[in-house]
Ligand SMILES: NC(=O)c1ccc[n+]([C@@H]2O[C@H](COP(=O)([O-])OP(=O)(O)OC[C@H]3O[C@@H](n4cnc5c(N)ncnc54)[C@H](O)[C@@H]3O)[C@@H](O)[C@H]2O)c1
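Below you'll find only one chain, the form predicted alone, shown as structure tokens.
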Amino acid sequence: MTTAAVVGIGDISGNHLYAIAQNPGIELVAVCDIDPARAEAAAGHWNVPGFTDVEAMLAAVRPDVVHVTLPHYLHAPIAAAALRAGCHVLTEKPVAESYGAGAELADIARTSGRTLGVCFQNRYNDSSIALRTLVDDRPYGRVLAGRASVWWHRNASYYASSPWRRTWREAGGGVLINQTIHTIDLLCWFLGAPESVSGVAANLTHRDIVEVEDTATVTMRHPDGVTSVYFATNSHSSDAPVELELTFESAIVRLQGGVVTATTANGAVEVLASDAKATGDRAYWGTSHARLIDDFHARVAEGEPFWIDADAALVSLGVLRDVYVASGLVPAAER
């Protein structure tokens, strides 16, 4: 049995709270939010103490694991405080709002002797696992290249609902870090950490709404000469399904809408895997958050390391850093 506290009672916190409630091996012992009304409402709903100050919560409750579900710029400082208090930490993506802040947090985690995990839950999708297995086992030969695209829509009301998403200081970026870092993470997990990155990012249609970028194109060179191309935008008219495609020696394998299909040289198409469908109020989010949270707590209970740690999370942040600096959006010294 591990004990858990959740810091930050926003939309994504529900994924953590419900996953904790459904796992008999985890006991929720506290919730915390700077907004007293949110803290009180969550405390009443989950029948646990509610706090508005993290340090007070850590001193009073001393949970085994602190779940950080806050805006980007608060991930690193709250995670660091929890690690220094002797807690393990599971934070939402990104690990920090910049590569530099993430690297500092990784150092703190290493010296703390505690476990720091990052929620790149899409790695736990059935479709992602199937695609990674193809890369490892090579039934279609060696992977040669990859591509991915995210065509989504975000408008003024979206940013008005959470103003921190608008700024470099608090969000750390726009479409790359907020909406599509999961897809970059998957590309790099499938193909390996990039050896070189080229890209351009810009704010094309949201200039009157946000500081950060809404569109980006990235090319990467991965180990063994594998290349990838990535495109992301928040300027589409609607949210289209995310596309990710890998070219193997004898097949092209596509992941779209949670379904993996392989097209071989003779044109035959085979469905290889599809994601499990969630039910209930949070079905939109799928099942992967719960899988990751269950795995993290199981590893903490057994004293084992967690595989998606700060160093793993820094791979995608490194891609973003290179693109933002090359695009002149932020000075290199600030990343």
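Quick note: we count residues from 1 along the sequence shown, nothing fancier. The shown structure was predicted, so the numbers you read here are calculated from the model rather than taken from an experiment.
Absent from the display: the form predicted together with this ligand. The rest refers to it.
Visitor: Given that this ligand is left out here, which of 252, 106, 200, 74 has a heavy atom within 4.5 Å of it in the predicted bound form?
Guide: Spelling it out, the residue with a heavy atom inside the cut-off is 74.
Visitor: According to a 4.5 angstroms non-hydrogen atom cut-off, is residue 182 in contact with this ligand in the predicted bound form?
Guide: Taking the distances in the predicted bound form, the answer for residue 182 is yes, it comes within 4.5 Å of this ligand.
Visitor: Any chance residue 33 has a heavy atom within 4.5 Å of this ligand in the predicted bound form?
Guide: Output for residue 33 is yes: heavy atoms within 4.5 Å of this ligand.
Visitor: Report yes if any heavy atom of residue 119 sits within 4.5 Å of a heavy atom of this ligand in the predicted bound form; otherwise report no.
Guide: Yes.
Visitor: Just checking whether residue 88 would be counted as a contact of this ligand in the predicted bound form - the rule being heavy atoms within 4.5 angstroms.
Guide: The answer is no: residue 88 has no heavy atom within 4.5 Å of this ligand.
Visitor: For the interface check, one of 128-136, 252-260, 190-198, 162-170 should have non-hydrogen atoms within 4.5 Å of this ligand in the predicted bound form; which one?
Guide: Going by heavy atoms within 4.5 Å, the stretch is 162-170.
Visitor: Any chance all of 150, 217 and 322 sit within 4.5 Å of this ligand in the predicted bound form, going by non-hydrogen atoms?
Guide: No, none of 150, 217 and 322 comes within 4.5 Å of this ligand in the predicted bound form.
Visitor: Going through 91-127 from first to last, which residues have a non-hydrogen atom within 4.5 Å of this ligand in the predicted bound form?
Guide: Heavy-atom contacts to this ligand in the predicted bound form: 92, 93, 94, 119, 121.
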